[in-house]
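We begin with a single chain expressed as structure tokens, specifically the form predicted on its own.
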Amino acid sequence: MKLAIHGGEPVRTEPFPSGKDIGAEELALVTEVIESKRLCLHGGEKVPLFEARFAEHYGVRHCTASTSGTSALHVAVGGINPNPGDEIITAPITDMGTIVAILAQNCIPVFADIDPDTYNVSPASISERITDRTAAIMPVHLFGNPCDMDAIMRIAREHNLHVIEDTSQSYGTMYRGRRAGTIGDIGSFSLQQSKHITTGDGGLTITDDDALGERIHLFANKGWPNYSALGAREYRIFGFCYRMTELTAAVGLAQLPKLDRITAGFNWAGDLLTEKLQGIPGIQPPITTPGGVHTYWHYALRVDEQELGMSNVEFARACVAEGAPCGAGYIGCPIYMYEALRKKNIYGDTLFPFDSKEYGSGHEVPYEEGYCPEAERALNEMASLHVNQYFTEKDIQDMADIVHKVAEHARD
């Protein structure tokens, strides 16, 4: 049987299941907000209720809702209050939002290389990148696969560093019986449209530390501690206006009860697909971190071009022709190789904060090819399929059949 991309019959002609579990529950709560005529956090009740329920769901004492996953990370960095010129070590395969949160506080992003099996940041590489300016580690639980948090926490405690977990893609992800986002000092989540649960855009920052919880709350509200107190307002610290709206929180309140069912569906579909893709020459299904529960925001395969006889780009195109949602890579290259970072031109025509007196001489971060070779290699070999909570066993079998067919005919 010829590949569809070469004129053969595709394995599947009907679309795979997609979409979001959004409907009557969200509409009812949004309608309540509209009828209340209170759309802002000030005077409303939905935002504090959403914060309280999310904190309860994750078993922590503090949650601050904000406008996006990027803002959730920014208030986390603001929460630890680093000095300008401090370094924060993070992952080279991530969204720019991770890096914005660091640079927005005039800190320096430092990138540790990845574990080639999991694509997550390597604890060994983190250790190699620590300097006298390091203030924090920001591991990214990529695609729903947990980082090796035991090792990362050991490194952090040894060097007295904060840990901010970027859990934007990892609702429901577990590591040795603990929820991702609750293991470090702070966890940050995204509610953007593509995530397991969504409010369109929005963010959540959680912590079990009272001092961090208070500062995060202040930082997201221009330093203003009490939205409803009588009398003159006050500003206790410098902060930003990242307040979530009542409309957004209403959608979040309706989404939250669905979260465990949704992530369980992703986990079931991804694990079953992995079972069905074992042993294909040139194709490596996702490898879950030992002790972890993967929630497969993306289902990332590794394509060995030499063994398969087909590049990751060719593989993705062939899978699409057979009817599967598939893409090559994730970001086109490690985040430090994009012009916005590579030239270190963040503010105006300056090199600030990289050339600031606060950063000091003797520090140089090489945003160039070869900085994280495992990450560079992985992105050149990655292909991403997509599963979700709506998949049936037949859907999984069809997707597996597509991968098997493409792999078997790759050398044709």
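Counting begins at 1, following the sequence as shown. Predicted, not measured: the structure shown is a model, and the values here were computed from it.
Below, we refer to the form predicted in complex with a small molecule, which is not included among the displayed structures.
- Just one of Thr288, Gln192, Ser125, Asn81 comes within 4.5 Å of the small molecule in the predicted bound form, counting any heavy atom, and that one is Gln192.
- In summary, among the residues Asn312, Asn221, Thr94, Asn267, the only one with a non-hydrogen atom within 4.5 Å of the small molecule in the predicted bound form is Thr94.
- Using a 4.5 angstroms threshold between heavy atoms, Ser168 counts as touching the small molecule in the predicted bound form.
- Taking non-hydrogen atoms only, Phe240 never approaches the small molecule to within 4.5 angstroms in the predicted bound form.
- The small molecule is not shown here, but in the predicted bound form it comes within 4.5 Å of a heavy atom of Gly202.
- Taking the partner from the other structure, the small molecule in the predicted bound form has no heavy atom within 4.5 Å of any heavy atom of Asn380.
- Partner contact region in the predicted bound form: 63-71, out of 350-358, 63-71, 32-40, 46-54, criterion any non-hydrogen atom within 4.5 Å of the small molecule.
- The candidate spot formed by Thr98, Val140 and Tyr330 lies fully in contact with the small molecule in the predicted bound form, as each residue has a heavy atom within 4.5 Å of it.
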